[in-house]
Ligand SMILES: NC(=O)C1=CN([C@@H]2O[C@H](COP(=O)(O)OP(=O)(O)OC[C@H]3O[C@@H](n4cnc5c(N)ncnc54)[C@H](OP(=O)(O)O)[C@@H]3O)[C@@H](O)[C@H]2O)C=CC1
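What follows is one chain in C-alpha cells, specifically the form predicted on its own.
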Amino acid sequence: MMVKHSAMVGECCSTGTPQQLCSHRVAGDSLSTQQCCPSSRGPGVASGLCCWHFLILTAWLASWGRFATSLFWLKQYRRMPGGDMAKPLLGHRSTEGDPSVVPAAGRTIGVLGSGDFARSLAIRLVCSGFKVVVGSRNPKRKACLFPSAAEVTFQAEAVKKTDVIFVAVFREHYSTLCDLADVLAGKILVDVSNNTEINHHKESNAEYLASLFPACTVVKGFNVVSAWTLQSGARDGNKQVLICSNSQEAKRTVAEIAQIMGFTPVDMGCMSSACEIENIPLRLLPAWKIPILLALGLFLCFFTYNLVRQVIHPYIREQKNKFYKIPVEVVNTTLPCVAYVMLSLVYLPGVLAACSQLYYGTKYRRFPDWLDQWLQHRKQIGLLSFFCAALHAVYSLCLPMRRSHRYQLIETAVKQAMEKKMNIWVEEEVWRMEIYISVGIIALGLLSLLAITSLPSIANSLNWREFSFIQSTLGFIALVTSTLHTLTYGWSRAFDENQYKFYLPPTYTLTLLVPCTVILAKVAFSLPCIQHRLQRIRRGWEKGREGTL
C-alpha cells in the first residue's frame, strides 16, 4: 500500500494543501492525474506544475519528519530520569548486600562555584543519581544555569548540607572561602583546579587549599577531566580520574563517587603528587614531541636534498628556472621518503631489542634509556608515517591539476607532432607505472589499517593476538609492500649516470637503507636456529644458567 501511494504521488500533484494530500494517502484514496492537474493548462504546464508541487511536498514532508523525530526523542529523553546520561556507562555490579558500596541516591554532594566546570560537574552528578547542592555567591542569577534537580543556594547553606564538597573555583579565589572555615571543618574538599602554567607556584593548588583549611581533608581529583567529558559521559572522553590525598578514607570516598559517575579512579598516592597531577593537563602532546621533531628533521633533510637535485642543479648546469617545483613537486618527493623511513623506524627498535637479548642471552637485562624511549614512541612514529603517506597520496592526485603540468603536456604533444612520432608507447614504462601505483595503493591501505587499530577505542576491542597480528605481521607486510613500491619507482634509475646530480644518488636509494636492514634482520630472525633461541630467552631462559626454561 505504501509503495502504491508513493508512486501515485510521484505521478501527480495535488491542488489542495499538503495536509489534504496526506489525508488522502492515509485514507487510501486514489488520486488520478485528471483530478490533480487540470487539462486546460496543457500537458507541458501540467507536468511542470506537478514536478514543482512534488518538490515542495517532498521538502515539507522531510521537514515535518525531522521535526516529528526530534519531538519524539525529546519526549523520550524527558521520560528518562536524567536523560540518556542516567544510563550507567560502565557495567555496575549489584550493590545489594555489599556494605562497602554506598548507594548514590543516599549521598548529597556539594559544589562550590558556578562556572562551566561546576555546571558540567553538577549535571554529571545529577545524572549519576546524586543529590547535588550548589553554593554560589549569587544563587538567584545562577540557578537557571544548573539542572532543575540541583539545589542552588548560598555557599554557607550549601556547605552545611553535605560532607563532600567539590571546590570548583580558581586558586586566587580560595581566600573568599575563609569565612566558611568553621562550617567546613571536618569535611572533604575535592580540589578540581588547574594552573595556567607548569609549576607556576611553589606549591600545588591542593596543598595551598589544605593550608588555608587545616581542619578539612583535601583530595586532588577530576582536574584531568574536561567539562565536555563530564557532560557527554566517560564513553566520549578520558575515563581515568587521577586522585591523591594524605587520607586513605577520603580517597576511597572520592573514588567511589568517580566509579558511580562512570570513571576509573587512579590512586596517585599522597598529596605531594598533586603538583604532577596539575601539570598533566598543561602539557602539549608530551608523547609526540620526539616523534614530531624526528619527522621534521627527516623532512628538512630530504627536502634540502631534493631541492638541490631538482631545482638547484638545473639552474646551475642548464640555466633552467624550475623553482616552481618547490611548493608541490619537491614536497611530494619528500613526503614518501619521510613516510617510508618513519615506518622502518617503527620496527627497527624491535630488531635492536632482539639483538640485545640474543647477545646477552637474557631478557632480564634492562635496555638502554634511548632504546626504551624509542620503543615507547613507536605508536606516534607510525601515525606520523601514515600522515605523511596520506599527504603524499593527495599531492600525487593533484599533480595533473597544475598549470605547469598542462603546459608540459602541450609542449610534449607539439614536439612529437613536429617529429612525426605516431607511436610513443613504451611497454616497460607502462607496466612499471601500473605496478608502482597498485603496490602504493596496497601499502597505503595497510598503513590505514595500522593507524585505525592503534586508536584506543579500536585497540580495546581486540585481544592481544589480534592486535599483535595487525601491528606486527601486517605492519611488516606494509613495510615490504612499501619497499616494492619504492623499487618499482626507481626501477633501473640507480644504474643511470644521468640520475646522479652533483654526484648525488637518487633520493629513493637513500631511503632504502634502513628499511632493507630491518627486512633482512626480520628474515634472519625467522630462521629456525635463531627463532628457537629467541623464543627460549623470552620464556625465561638465560645463558650460563642451567635448568631455566
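Keep in mind it's a predicted model, so treat the numbers as computed, not measured. Rigid core: the largest C-alpha set superposing within 1.5 Å between the two forms. Note that residue numbering begins at 1 and tracks the sequence as displayed.
We do not show the form predicted in complex with the named molecule, though everything after this point is about it.
Peer 1: Since exactly one of L298, L184, I165, V169 fits, which has a heavy atom within 4.5 Å of the named molecule in the predicted bound form?
Peer 2: Exactly one listed residue reaches within 4.5 Å, namely V169.
Peer 1: Which listed residue (S114, S128, T253, T217) meets the criterion of a heavy atom within 4.5 Å of the named molecule in the predicted bound form?
Peer 2: Comparing distances to the named molecule in the predicted bound form, the residue within 4.5 Å is S114.
Peer 1: Is the gap between T176 and the named molecule in the predicted bound form 4.5 Å or less for some heavy atom pair?
Peer 2: Contact with the named molecule, yes.
Peer 1: Report whether the minimum heavy atom distance between A118 and the named molecule in the predicted bound form is within 4.5 Å.
Peer 2: Flag for A118 set to yes.
Peer 1: With a cut-off of 4.5 Å between heavy atoms, is N194 one of the residues that contacts the named molecule in the predicted bound form?
Peer 2: The answer is yes: N194 has a heavy atom within 4.5 Å of the named molecule.
Peer 1: Using heavy atoms and a 4.5 Å limit, would one call Q240 a contact residue for the named molecule in the predicted bound form?
Peer 2: No, Q240 sits far enough from the named molecule in the predicted bound form that none of its heavy atoms falls within 4.5 Å.
Peer 1: Tell me which of 404-412, 241-249, 314-322, 224-232 has residues with heavy atoms within 4.5 angstroms of the named molecule in the predicted bound form?
Peer 2: Partner-contacting stretch among the options: 224-232.
Peer 1: Taking the named molecule as it sits in the predicted bound form, which residues of 139-153 have a non-hydrogen atom within 4.5 Å of it? Please list them.
Peer 2: Contacts from 139-153: just K142.
Peer 1: Under a superposition restricted to the rigid core, does F170 display a Cα displacement of 2 angstroms or more between the shown form and the other one?
Peer 2: Yes.
Peer 1: Once everything's superposed on the core, is L444 shifted 2 Å or more at the Cα between the shown form and the other one?
Peer 2: No, shifts by less than 2 Å.
Peer 1: For a quick test of reading the superposition: does S226 move by 2 Å or more at the CA between the shown form and the other one, rigid core aligned?
Peer 2: Where the cores coincide, S226 still shows a C-alpha shift between the shown form and the other one that is 2 Å or more.
Peer 1: What happens to the Cα distance from S226 to K379 in the predicted bound form: does it get closer or farther than here, with a change of 3 angstroms or more?
Peer 2: Those two alpha carbons end up closer in the predicted bound form.
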